[in-house]
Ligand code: AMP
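Before any questions on how it binds or moves, here is one chain, the form predicted alone, in structure tokens.
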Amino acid sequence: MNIGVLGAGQLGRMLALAGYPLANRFTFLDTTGHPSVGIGEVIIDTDQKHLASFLEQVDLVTYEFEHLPVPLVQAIEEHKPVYPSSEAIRVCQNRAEEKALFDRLAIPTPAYRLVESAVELEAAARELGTPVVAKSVTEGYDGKGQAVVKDPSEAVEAWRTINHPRLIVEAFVDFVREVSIIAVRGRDGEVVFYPMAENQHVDGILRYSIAPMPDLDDGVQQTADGYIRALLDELDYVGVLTLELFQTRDGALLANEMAPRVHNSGHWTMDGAVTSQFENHLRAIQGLPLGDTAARMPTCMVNVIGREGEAAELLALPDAHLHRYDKAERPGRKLAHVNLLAPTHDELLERVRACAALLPDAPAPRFSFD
């Protein structure tokens, strides 16, 4: 089967690497003019004249990046199956639509307001109580398109900095940790869940994900499973979906945002789970049985950002697996990740610290259970 992928970055690269053993072929449609996938066939379509050629070659279509024009995805759906659907993209790329869906499904979120001016932003900051986080309703990711407002008087500057006609303003959450749940839904409605991961972000960019979590109550995992299952069923979703959440001191979960694709916080599954998120996504969209999502042993994904370390030193660490994206170094750019495995969480943390010491500018790993 020739699988068409909208987008041509590292997530598409890892999809292809997982798909070749299944005898899949891959054709990528890049609308940016800067593909980095380095694998499969890439059609560069910056002038929107090559869609017909792309569609002639592929059997079905998926995507590795949700910030796509919804009309483009809808147009593709008229000719080829698209998984997940354009409705999933429409909701997930718009924070207002996303929050409305969470509200409708009774999935709790931090208190929020929608604003359309600096004056409304200032009023929301006063009403919710500072600090608040202001985010563009669309187009924001990896910390882009957002600002922290520590005092209502900062609203005008935040509005100018974000430079977007509509913002969502969220109250700060006194959380213990940031977590994510990844699930996969097949064409037949079967759903499987990965163990929840604890995530550490710095400047809006994910740096570490560890799974399974040693102190996670079974009830919390079941609650997260219930939330993401409701989303999957409501959207008649096919493929991998990720839901990022805050866990508060009383154990409750508050939904932050979701991503309709394979996700950075699921990269640990490439070496730490029986079936990776990438293989399971491909199984789902092709109508194949879903694979086992159990963790093989405690695993931590370490993102390599901006500058790479020495591959030989990283691979000398016990049970270390380096996944490089073949991308040029640049501040803030995701260049690779390292998956580390260990029999116990204590041993794993030692390996994570050793790995961080080998990476330029890597922040110190900090996990709630340590």
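Computed from a predicted model, the values in this text were never measured in an experiment. Residue positions are given as counts along the sequence shown, with the first one as 1.
The form predicted in complex with adenosine monophosphate (AMP) is left out here; the points below concern that form.
- Of the candidate stretches 227-235, 167-175, 296-304, 279-287, only 167-175 has residues with heavy atoms within 4.5 Å of adenosine monophosphate (AMP) in the model of the complex.
- For Tyr83, no non-hydrogen atom is located within 4.5 Å of adenosine monophosphate (AMP) in the model of the complex, even though that partner is not displayed.
- For Gly129, no non-hydrogen atom is located within 4.5 Å of adenosine monophosphate (AMP) in the model of the complex, even though that partner is not displayed.
- In the model of the complex, adenosine monophosphate (AMP) sits within 4.5 Å of a heavy atom belonging to Gly204.
- Using a 4.5 Å cutoff between non-hydrogen atoms, Trp159 does not count as a contact of adenosine monophosphate (AMP) in the model of the complex.
- Although the partner is absent from the chain shown here, Arg95, Pro110 and Asn256 each have a heavy atom within 4.5 Å of adenosine monophosphate (AMP) in the model of the complex.
- Proximity to adenosine monophosphate (AMP) in the model of the complex, defined as a heavy atom within 4.5 Å, holds among Gln146, Gln221, Gln74, Thr248 only for Gln146.
- Proximity to adenosine monophosphate (AMP) in the model of the complex, defined as a heavy atom within 4.5 Å, singles out one entry of Val133, Met213, Met270, Ala88, which is Val133.
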